[in-house]
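Take a look at this one chain, the form predicted alone, written out in structure tokens.
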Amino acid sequence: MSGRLAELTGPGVAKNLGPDSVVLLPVGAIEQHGPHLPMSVDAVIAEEVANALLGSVGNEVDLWLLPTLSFSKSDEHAWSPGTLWLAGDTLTRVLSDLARCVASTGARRFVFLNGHGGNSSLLVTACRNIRLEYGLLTFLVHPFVPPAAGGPSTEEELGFGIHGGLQETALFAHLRPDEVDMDQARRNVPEWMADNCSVRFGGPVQFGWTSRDFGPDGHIGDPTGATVELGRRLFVKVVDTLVDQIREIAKFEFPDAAPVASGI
């Protein structure tokens, strides 16, 4: 059986969740995405991908969705009114508290489905911390591996389509076509970084930045070619990829792992 944990009764949680259960937390954000997209982009993408996963693989994997965590580490967009963000230590504590609750259900696998690239480093750290604190098997998956973390972006965007660019705009347009204003879409690609081998998005040298460092509009990429049809194709590809990842997660074990101290 699979489903949404919040829809179960208390006794239902005890009855239905156990060592083979995979608990998945969609993590999004409420943050500016330029003049053409709403604040909700990352939360919507994370939630809709999670829903599609449940529909696609819930009949073979004991998968349980938690309600989407819509507030996360969005301080690179803190300059923009309306961005709602948590400090890093706050989000770390929230994730730890949620993991403690997951561990109390008897489930052993806890997955973060991350829709906001700015969370990536913190979520990797959280996976390790939660493994140590509560003994859970922890995993981080993305609809797209963020380009700033080495994931792919388009040639037209010089690999810099990291925020409100072509693919994110198209994917959101597929999910919420009435909430995209393509009349406001414009190219904003930091071509001045294109010749850098190291200090660049996805390069070997990490650097601190805010979205306002790349211009006043707040997005980074070129959304002008985004279409609903492109978004539909991307969504199918994303879900198919994550279905394979969830299947593997459901079977993952450390061979002869030593017991991990529990913080429950």
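A residue's number is simply how far along the shown sequence it sits, counting from 1. As the structure is a prediction and not an experimental result, all values here were calculated from the model.
One more form of this protein should be noted, the form predicted together with a further copy of the same chain, which is absent from this view; the next part is about it.
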> Is there a heavy atom of Leu37 no more than 4.5 Å from a heavy atom of a further copy of the same chain in the model of the complex?
Replying inline: yes
> Is Phe214 close to a further copy of the same chain in the model of the complex, meaning a heavy atom pair under 4.5 Å apart or at it?
Replying inline: yes
>> Just checking whether Leu69 would be counted as a contact of a further copy of the same chain in the model of the complex - the rule being heavy atoms within 4.5 angstroms.
In response: yes
>> Against a further copy of the same chain in the model of the complex, would Lys73 count as a contact residue? Criterion: heavy atoms within 4.5 Å.
In response: yes
>> For the stretch 108-130, I need every residue with any heavy atom inside 4.5 Å of a further copy of the same chain in the model of the complex, listed N to C.
In response: Gly118, Ser121, Leu122, Val124, Thr125, Cys127, Arg128, Asn129
